[in-house]
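One chain comes next, on its own, written out as structure tokens in the form predicted alone.
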């Protein structure tokens, strides 16, 4: 079995991996929902951080606790918990992001006493004078609560080891994505999707070794990889766990050359400074990396970032992939689209609801957008030729 086979199997059967891992290693497993969960502290407690996505099974029990307008990510995770599919968890961390996640925390606490339970209320406004001190205080409290929950001291040495491991993982994920974006044919989109999903579940020490081998393999064959024809596009949006959007884009005749996903660049962007207090290093990364729409660091920060990615990657357009009922991204979309329109960058919006979203429908929408980009390119080429 190749390293990609291992990651693909893990993506398909994450709960089986977790149960086997716990049985063989005896280590606790802590579920989490968002990249604003300080994984480094969880990992330093000799505990496996396990991102919860929901399996997309038929929703029955969760609907009795959640409104119809809650996103499928939250519904799926609650359904899995209430039906016992998450019985391997020793605790769950709820970040302070959208309203739905915050209310899910209350529902979970009242109905699912699955061990350790904590809300991590990081600041929303990240460019305020008090944000850094507040962020550090919250992280220190989280550290103490982890120590109490698992009766294990999180030493600075253990935390520094954790920071080094995560720096290694993020560097490798960045390298793999850069190779994909510079040489689109070096790795299939579906494989990149598997890498990202597995990176939030697999034992992080083992993950770093697997990523090292994959990155080395891609580096060795980058110059011999085929160059797929088609438009170059950037993806933006919320959780990309519900369908393999990378693979669908390629099937539609385009190449993904950049992204602004919470399970993409926002997950691995930014390294931790290891020559400072480790908790302060975690806080500093959160304060300086590209923000999600549930946080604020400036009126044009997110728009400036996506425009920069489009320009840097020489992309022809942007595809917004939004999870239905995801309010932060839905509210963020008009301003981002407006900024792209001002820059003359075409974009389209695709809204998905759950894993049953028809790949064919999404592919058809993408094909129409890609054809529009091609017509735009042809027209600009004709105008350029006429001007000579």
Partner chain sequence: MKEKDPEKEKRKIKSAARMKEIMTHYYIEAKTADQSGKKVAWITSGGPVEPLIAMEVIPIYPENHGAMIGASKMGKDLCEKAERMGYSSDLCSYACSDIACSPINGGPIGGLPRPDMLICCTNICGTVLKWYEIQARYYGAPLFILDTPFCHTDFPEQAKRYVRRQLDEYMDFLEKVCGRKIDYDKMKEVGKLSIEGQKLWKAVLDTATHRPAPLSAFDAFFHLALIVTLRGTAQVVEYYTLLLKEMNERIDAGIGAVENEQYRLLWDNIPIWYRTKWLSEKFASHGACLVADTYTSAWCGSLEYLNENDFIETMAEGYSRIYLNIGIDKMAEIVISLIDKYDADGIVMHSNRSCKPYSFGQYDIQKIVREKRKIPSLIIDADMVDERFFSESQVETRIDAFMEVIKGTSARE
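Positions refer to the first chain, counted from 1. All of these numbers come straight from a predicted model, not from anything done at the bench.
Only in words, not in the display: the form predicted together with the partner chain, which the text now covers.
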| item | value |
| --- | --- |
| is_contact(residue 294, the partner chain) in the predicted complex, heavy atom dist at most 4.5 Å | yes |
| 4.5 Å heavy atom contact, residue 123 and the partner chain in the predicted complex | yes |
| The partner chain contact at residue 276 in the predicted complex, heavy atom, 4.5 Å | no |
| Heavy atom of residue 171 within 4.5 Å of the partner chain in the predicted complex | no |
| Listed residue (325, 53, 36, 320) with a non-hydrogen atom within 4.5 angstroms of the partner chain in the predicted complex | 325 |
| One residue of 284, 119, 90, 304 in contact with the partner chain, assessed in the predicted complex (non-hydrogen atom, 4.5 angstroms) | 119 |
| Partner-facing stretch of 149-157, 94-102, 206-214, 190-198, counted where any non-hydrogen atom is within 4.5 angstroms of the partner chain in the predicted complex | 94-102 |
| 161, 271 and 309 all contacting the partner chain in the predicted complex, non-hydrogen atom within 4.5 Å | no |
| Members of 107-129 lying within 4.5 angstroms of the partner chain, judged by heavy atom, in the predicted complex | 107, 109, 110, 111, 119, 121, 123, 124, 125, 128, 129 |
